[in-house]
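Given next, in structure tokens, is a single chain: the form predicted on its own.
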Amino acid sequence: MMKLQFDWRSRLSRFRVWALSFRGGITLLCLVGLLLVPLTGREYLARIVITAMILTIFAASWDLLAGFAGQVSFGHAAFFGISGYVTAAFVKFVGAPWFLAIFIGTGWAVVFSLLIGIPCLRLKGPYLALGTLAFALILYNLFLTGTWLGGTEGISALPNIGSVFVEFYIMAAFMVASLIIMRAIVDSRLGTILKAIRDDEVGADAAGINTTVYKLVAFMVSGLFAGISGALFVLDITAVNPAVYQPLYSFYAIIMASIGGIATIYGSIVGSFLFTLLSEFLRPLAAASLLIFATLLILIIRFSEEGVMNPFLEHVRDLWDKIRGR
């Protein structure tokens, strides 16, 4: 009992230290600002932020696999789509409550991550990336040409999980919980082993680490969170179709994680919000928006190899120190 009490107090003390730090204060301030969005009464803005929060989980799940385990996947849309389809099917045809359907869909995503990971992890480097891409394309064509689960039309007219503002707080809770859990995994013993495999797989193997098993665990954990985002995405737009298996969705995760900063987890927040907001605001420009968006992405990646989150925070911190006279 005393040990549990000590652990609780230790964790509370670490949280207090973090909250009083510069990064902790900025994080809490941004979180408070995020939670105040529904109070503006603007449904359009709330919808944009909901999409960004869902994509944050998706990008962070890819970052966990590629940034920390070193297993680059071009087929992350497979886990995203499987969970979305299963969630939609259980809500539409079985009448399952949305929160139960999310867990069922996520469970299927984990199963598929295991099935895809076993053969793909025999490959390395670009061959691994192409192998995962092949599985996503296979699923895309199966659902596109098949007649099951709605065929090309998919499943539509799903019930809403609540009003826009109720949905906003549900998605925010999922995002915050997912990011905290992923960060805890990265900081745990499992995360240390994954980083060792990423940095030197041969050395990790020589040290007695079963690299195959741990890479498979990374695939499953990443698939779990990609599945959560896929289920939430389908419940948000109240429909799903084979397009969710397109490589474009996989590359969305890569782009967002790269913008925020690979191997950061929290950088996915910055990348996803920038990606979503820019996509939405540039939409009226039609074809020209693609050129502008691509140029901005190239500039960000070219001049900020570590993403925009860490350099931005460092500049803000330097400015804050100057204001305080330090």
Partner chain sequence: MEEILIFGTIQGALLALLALGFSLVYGVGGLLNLAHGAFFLITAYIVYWTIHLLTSIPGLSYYPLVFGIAAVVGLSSVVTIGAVTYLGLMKPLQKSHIGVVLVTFAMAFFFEQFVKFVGDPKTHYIVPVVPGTVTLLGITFPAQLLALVFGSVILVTLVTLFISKSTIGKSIRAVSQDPEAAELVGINTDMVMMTSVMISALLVGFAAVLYAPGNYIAPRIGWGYLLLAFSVTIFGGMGSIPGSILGAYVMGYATTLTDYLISPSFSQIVPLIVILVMLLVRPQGLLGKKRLQ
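Residue numbers count along the first chain shown, from 1. These figures come from a predicted structure and were not determined experimentally.
What follows is about the form predicted in complex with the partner chain, which we do not show.
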property: 4.5 angstroms heavy atom contact with the partner chain in the predicted complex for Q246; result: yes
property: The partner chain contact at F293 in the predicted complex, heavy atom, 4.5 Å; result: yes
property: 4.5 Å heavy atom contact, L142 and the partner chain in the predicted complex; result: yes
property: Heavy atom of I301 within 4.5 Å of the partner chain in the predicted complex; result: yes
property: Segment assignment from 84-92, 102-110, 223-231, 122-130: heavy atom within 4.5 Å of the partner chain in the predicted complex; result: 122-130
property: Proximity to the partner chain in the predicted complex, single hit among A134, A173, V166, I181 (heavy atom within 4.5 Å); result: A134
property: Single option in L149, I161, I254, I237 placed near the partner chain in the predicted complex, where near means a heavy atom within 4.5 Å; result: I254
property: Members of 54-88 lying within 4.5 angstroms of the partner chain, judged by heavy atom, in the predicted complex; result: W62, V72, F74
